[in-house]
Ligand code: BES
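As a starting point, one isolated chain is supplied in structure tokens, in the form predicted on its own.
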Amino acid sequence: MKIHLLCQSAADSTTPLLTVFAADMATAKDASATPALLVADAALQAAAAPWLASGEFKAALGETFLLPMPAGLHTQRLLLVGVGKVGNLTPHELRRGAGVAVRYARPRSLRDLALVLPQHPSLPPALTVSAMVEGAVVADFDIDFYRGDRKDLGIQTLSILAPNADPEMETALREGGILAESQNFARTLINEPGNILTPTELGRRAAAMAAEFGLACEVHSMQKLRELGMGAFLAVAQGSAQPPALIVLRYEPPSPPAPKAPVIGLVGKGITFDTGGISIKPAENMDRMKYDMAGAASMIASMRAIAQLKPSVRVLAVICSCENMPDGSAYKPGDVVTAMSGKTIEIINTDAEGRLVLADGLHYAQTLGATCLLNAATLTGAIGTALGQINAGLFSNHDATAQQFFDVLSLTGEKFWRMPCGDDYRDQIKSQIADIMNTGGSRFAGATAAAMFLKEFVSEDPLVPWIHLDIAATTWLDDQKPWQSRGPSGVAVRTIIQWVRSYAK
């Protein structure tokens, strides 16, 4: 998709599909909808006025209304897209609105699309441009990669029409494209079948990405894991015919890091297929377990964007990738394994494998020099029970670091909810025969028990600030959204990138 910022009157645009956003201006809770365009252009206002007054279009979030051959305009079609109540208006509603326009255009074979930049006090122009680009690019994605009758429905040209432009808006246009393309890069990885995206193939794709964007990359397998003493990671990997991959990506800023900026370590769970191992999963929905590497995809995609945005902060990523399979050499319930840190772990359930590979990944990232950690993983079904499919879970040992993450959500529009992981939960993972066990042994607080396990592998002296994102329930969209296809969501990518960038300020 080619994206342009044009200083052009919407009335003069000859695009096949011109999109203008509208909000419901009613402020009283029970008042009738009062739709109004978020632009001052007289020609647009005149073309839309009869339809806004008819009551047929109420400007609800995601609602569309098409005006074919609108009078007074050169465009062939004028699409009205609702962004909801004006009192709730933020750039995130425009992110979704841009996605709605793209999803409207794709099945109608409309390849060129123009969006009119809305004007409202709650919509800073540069931030709104970035959000619109992000929404449009993320919407231009479908999961039917392997269908023989797949048609190329992608948008070829996206134009954003603004009354005037400035360098900040041009920068926002470029950065929004980088963020969204990286999110789609993660979604592409997550969507791949397990027989194609093996750990070795994930390593190849990470290395190719690193070579394209100037990152240092190392990909290791069994021998390196043994040398490092990664007994937890090796235990999970040993049941599969596919060798594991330990992927390390490094970003060095072109200018000196900001004063007191940490070395950020991003750690991702990369289980390219999860059967549950000996504690095998039910057959229903097991096909979805190709997405158990979504945490790894998020980290690789984040590094892709970081390499292009070039923040003044050092970042490294550690990806622990393998399959969890139940062959004759697989690890078993009751086994005791020794992690790279030296902690011994009693295996209660082999389907709690993600925390094992992350344990060694977190420790290794610290040995490589990381002084602030963030890991992401499709770790527990329990997080979905707690938060549903709206918020992802966030756990942290450091309030200021967690707050810095929450502070960037206003930029990204993503939803996370902080969950507890205080020491009063540690008894859940105490083992009778080893240092800790890999599940809480209870149906209560399962997501917190997993977080407490990971916390064991984060340094306390000195304290290394750490965030754990449990994205299990929000990684895959079961239903089509008006602004996004069903399938992998790419959740957390944009927020991780903006959080990393916040350390460069």
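Everything quoted here is computed from the prediction, not taken from an experiment. Note that residue numbering follows the sequence shown and begins at 1.
Here the subject shifts to the form predicted in complex with the ligand, a form of this protein not shown in this document.
Visitor: Given that the partner is absent here, state which listed stretch (228-236, 291-299, 413-421, 89-97) has heavy atoms within 4.5 Å of the ligand in the predicted complex.
Guide: Checking each option against the 4.5 Å cut-off leaves 291-299.
Visitor: Heavy atom within 4.5 Å of the ligand in the predicted complex: which of Ala352, Ala305, Val137, Ala370?
Guide: Looking at the other structure, the residue within range turns out to be Ala352.
Visitor: Pick from Lys281, Arg204, Lys332, Arg250: which has a non-hydrogen atom within 4.5 Å of the ligand in the predicted complex?
Guide: Spelling it out, the residue with a heavy atom inside the cut-off is Lys281.
Visitor: Spell out, yes or no, whether the shortest heavy atom distance between Val408 and the ligand in the predicted complex is within 4.5 Å.
Guide: Judged by the heavy-atom cut-off of 4.5 Å, Val408 is well away from the ligand in the predicted complex.
Visitor: Taking the ligand as it sits in the predicted complex, is Ser130 in contact with it (heavy atom to heavy atom, 4.5 Å or less)?
Guide: Heavy-atom contact with the ligand at 4.5 Å: absent for Ser130.
Visitor: Give a yes or no for Leu379: in the predicted complex, does one of its heavy atoms lie within 4.5 Å of a heavy atom belonging to the ligand?
Guide: Looking in the predicted complex, residue contacts with the ligand include Leu379, since a heavy atom lies within 4.5 Å.
Visitor: Does the 4.5 Å heavy atom contact test between Thr439 and the ligand in the predicted complex come out positive?
Guide: Thr439: contacts the ligand in the predicted complex.
Visitor: Please state whether all three residues Glu175, Arg494 and Val500 have a non-hydrogen atom within 4.5 angstroms of the ligand in the predicted complex.
Guide: Negative, none of the three is within 4.5 Å.
Visitor: Heavy atom within 4.5 Å of the ligand in the predicted complex: which residues of 458-483 meet that condition, in order?
Guide: Sequence-ordered list has one entry, Ala472.
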